[in-house]
Structures are given as structure tokens and as C-alpha cells.
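Listed next as C-alpha cells is one chain, alone, in the form predicted on its own.
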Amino acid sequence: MALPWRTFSAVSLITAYFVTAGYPSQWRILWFVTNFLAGWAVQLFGFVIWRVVLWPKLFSPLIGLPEPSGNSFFNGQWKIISEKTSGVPMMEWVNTIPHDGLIRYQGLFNIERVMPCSAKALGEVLVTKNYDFQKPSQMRWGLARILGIGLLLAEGEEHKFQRRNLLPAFAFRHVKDLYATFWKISREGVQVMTEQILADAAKGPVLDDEKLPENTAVTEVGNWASRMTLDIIGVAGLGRDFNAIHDPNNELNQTYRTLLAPNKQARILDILSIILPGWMVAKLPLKRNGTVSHAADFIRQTCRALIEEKKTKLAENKLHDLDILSVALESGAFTDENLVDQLMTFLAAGHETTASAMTWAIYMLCLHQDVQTRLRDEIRSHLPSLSEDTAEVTSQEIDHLPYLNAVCNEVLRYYPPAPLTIREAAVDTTICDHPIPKGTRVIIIPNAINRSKSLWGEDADKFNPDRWLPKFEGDKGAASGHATSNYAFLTFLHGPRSCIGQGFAKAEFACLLAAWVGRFQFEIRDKAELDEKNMVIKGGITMRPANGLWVKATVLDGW
């Protein structure tokens, strides 16, 4: 619902000019300004009445689609959407509102949203008509400050061009060769984590009334996960070890922690971007804008330094790496600034999403100790001990651990790192033969679809890794978690806009989780959080526990 401020201003200027043309010169400026502001006010009032009241209630072609009850007169479902975790209201709607594939709901200022809920509707939005639906310009502007205009935000022909030239870096065989790197860094991270936990355990509990078993300390999972995933994307993706594992105050890690942390001012800016141009929102004198600008400058400088290193090696005919940056550079398809945008995208999205997945994996294993024990037994029985300095792990060893992969898939289903993604109809189009006017927001919500009972069965809202295991010999349904459609699992989306790094992320996640669970026993510190309803979740680019995930981590012997 961005205001057509250019049109308003032009109409107001022309009107004010003609109305005041005959005024005495000494009063002309005053009356010109008065008429200009009056013209703006009249147009704004009419625009608000039309867009907030008349269009959504009387004229919209979306009227008649199934929708939740209890709309506010001016703000639709905004109150419940803003109060609950991102995607949770939609999770309830998709399982309680009868629909034929589409649900309509209204947000702030009654702005209409359409949520595709069936395999057919999702297939049209993500595959057969995917370029009819683009990321809204306001959202692209805000995310571009953090991610750059890389593959994630590119649209149309530019997106096709970028994806085609980056695909070799994510080829199946290349990702398989990276497992050894993933395991090496996971092992290194766990060793540093072990030393810290043992050191903290020797000091005794922080709280006087807290009793901890031997070799146990309280630690925050999310920070460790972020440091390890940042080093993995650095080495495997960009050819640089950022050393975040060994240095908790690493500047790049701290920059991302500040940038991606949930923030009230960031929420305010998001709301303002609904009605104001992105460039105007970015210029507002708020601390958040300054933080984002400073962080983006530092990250861009880091990316430029990486590019210069690689270009020097290329000029000396010494560039034989197969990391993302090397492949993009050797393609010759990208300018230096294009490369900076790609690196910003892969740095942020490439480590933050897996760190979020790791955090939720540990949380679910704390809630389901039987799953944690069963997983640890499989890992210790089939993978070499982390104490063996020269032991390597191959893709075949990781991929042939059925329960590890089942747990990873179930975590990604149950808590998708990115709970929703927004599209906007770039043209007048249809979904399931229903007219969708140009400009309509289409909200794709993995958080809801991944727990849809019509797609996953009655236990869709239960954490159950066994759904990914075969029920009988030759059971092909295990590969999709026995869901009724491939579109039931939306964590990585589908089609031309699906996550290009899906194989990379899943392999990295499996290696990290295996190393962690093989070495540590995890228990939740705050017993109230054993009830998921008590876990406060906030999100930015990804979902995280609002106050971090604090656990009791015990170093286990024998592996």
C-alpha cells in the first residue's frame, strides 16, 4: 500500500499553481504552500478511504475467498499477527478454515494478503507462474541493505542469469566433496566448545541454587552455532577462515549478531516501509538505520577484500578453488559490485539459516530426550570419534545414517529457519483460476504449510523424526516424510526460486548436529521452556528464541 506520493505531489503542485496564480505577490507563497498541503491532505484522505475501507470491503476481486473471522474494521488481523510468532496464526488458519487452496486475510490498514495452501496453488506460485510473483520493492530495498542485490533478491532475467552462473558452485558432486571440510570445522568447533564447557564447569554454577552434574555448564547454543556456521561458509563458500570459532569477539560475527538480532526499531521501519518509499525509510534519523549502514559498510569492505584476494590468484593462474566466490569469479559474468552483492547474500543467508536450524534442533532434542539418546547411539556407532585427529568423514558415511537425516529433516520441517516469504503479483494473474490483481501480496508460509494436516496427516503438529524412515522395504514415501505432496515441505521452497544452496545447507547441518550430539548431552535450563508455548520467539531474517537458547551441556566420555 505504498503511497503514490509522486502523483500526490504533482497534482498538488499543479493545483496550487493555478489556484494562486491571481493572488497578490506578497501573499502568493503563503497561499501556494497552503493549497499544496490542502491538496495533499484531500488526496491522502481519499486514498485512505478507498484503500482501507472501500476496496477491501466492497470492490476487491478477492472478496469471497475463505478468511479468518474477527477482522478489525481498519486493521484486519493485524493484532493477532503482531502478537504471535511469525506464521503461527496462519498455521492455525490453514488447519481450521475450510479452503480450496487459497486463504485471504487482511493486515495493517486492511492490506489484503493471499496465502496459497494447497499443492496446486503452491505449484502455480512457485513453479508454473513463478515470475508472475516477485518480491515487493519495499522489502527488496530493506533486505538489500543487509544482503545486497544478490541471487536472493534478483528478479526476472537477472535472476535467471545469476542462478545459471552460480549453479556450478552448488553442483551435487562439489557439495559431496565438501563433507570433509564440514566435518573438520564441526570437529574443531566442538573441541573449542568442549574446552569452554569444562572450564566453566570447573568454576561451578553461576546461580547459587543451581546444581549441575560433573563436566556440565550452562551455555547459549545460538552463539556457538553462529560462530561455527560463519567459519564453514567462510572456508567452504568463500575460501577464507574467519576464525569465529576461536574468537567469540570476532568483528564479523559480532556485526551479524547485532544486525540480525530482533529489534523494535527494525519492526517500526518495517511498518513504515508499507506506506513510504524504501529510500525515505532508510534516511530516517533512527539508531537502527545507523547500525545497518555501519554494518553493511563493514561487510561490503570484507567482501571486497575477499574478491581482491581471489582476483590476484586468478591473475597469477593460481585459482583452482571450487568455492562459491571462485566459481563466480571464473565465470566472468559478474562485475566486482555484483560479486559483492552475491557474497553479502551467501554470507548472511548461508550461515544464519543453518545456525537457526541448529538452535531449534538442540531445543527439540532437549524436549525429546529419547530422540537425543537414539541419535547419539547411531552417531557413536558409525562415525569416528572426535578425538581421532586424522579421522575424516565422507558424504557416504553421513548420508547413510538414516536417523540423523530423519532428525535433520524433521527439525527443518517443524521449525523452518525462514518462517515466511512474501511475493507480489507483478501482473494481473490467477491462482487456481481465481483472479489475483497486480500488486496483491502473496504470502508463502513454510511455518504453516510444513504443519498442514491436509498435507502431513493428523500428527502434522507433532515432532516425529520417524515419519522420514521407511515403514517397509521399498517404501518410497520416506523420502518426502510420507507427506501427500512435495509441496508439503516448503523449507527450501520449490522451482526456479528454490534455495540454490539446499544441498550445501543440509550437509552442513547434518555434520554439525552429528558432532554436537555425539559429544554433548543437552538439557534445557529453564524448565518452563519444556512447554513449547512458553518459548518466546522473535524473528528477523530467521526465527530464533527471543532470549537465546540456554542449555545445560554435559561433556560425555567415550567419543
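Keep in mind it's a predicted model, so treat the numbers as computed, not measured. The numbering used is simple: start at 1 and walk along the sequence shown.
Below: the form predicted in complex with a small molecule, not depicted.
query = Taking 493, 501 and 505 as the candidate spot, are all three within 4.5 angstroms of the small molecule in the predicted bound form by heavy atoms?
reply = Looking in the predicted bound form, the three residues 493, 501 and 505 all sit within 4.5 Å of the small molecule (heavy atoms).
Quiz item: Which one, 116, 417, 148, 76, lies within 4.5 Å of the small molecule in the predicted bound form by heavy atoms?
Solution: After the contact test, the surviving option is 417.
Would you mind picking the one in 465, 350, 234, 222 that has a heavy atom within 4.5 Å of the small molecule in the predicted bound form? Contact residue from the list: 350.
| message | Please tell me whether any heavy atom belonging to residue 421 falls inside 4.5 Å of a heavy atom of the small molecule, as the geometry stands in the predicted bound form. | response | Contact with the small molecule, yes.
Check your understanding: Is residue 135 close enough to the small molecule in the predicted bound form to count, meaning some heavy atom within 4.5 Å?
Key -> Because a heavy atom of residue 135 falls inside 4.5 Å of the small molecule in the predicted bound form, the answer is yes.
Q: Could you confirm whether residue 152 comes within 4.5 Å of the small molecule in the predicted bound form, counting heavy atoms only?
A: It does: once the small molecule is placed as it appears in the predicted bound form, residue 152 has a heavy atom within 4.5 Å of it.
Flag residue 483 as yes or no: does it have a non-hydrogen atom within 4.5 angstroms of any non-hydrogen atom of the small molecule in the predicted bound form?
Answer no; every heavy atom of residue 483 is more than 4.5 Å from the small molecule in the predicted bound form.
Please determine, with the chain shown alone, which of 243-251, 163-171, 108-116, 381-389 has non-hydrogen atoms within 4.5 Å of the small molecule in the predicted bound form. Of the options, only 163-171 has residues within 4.5 Å of the partner.
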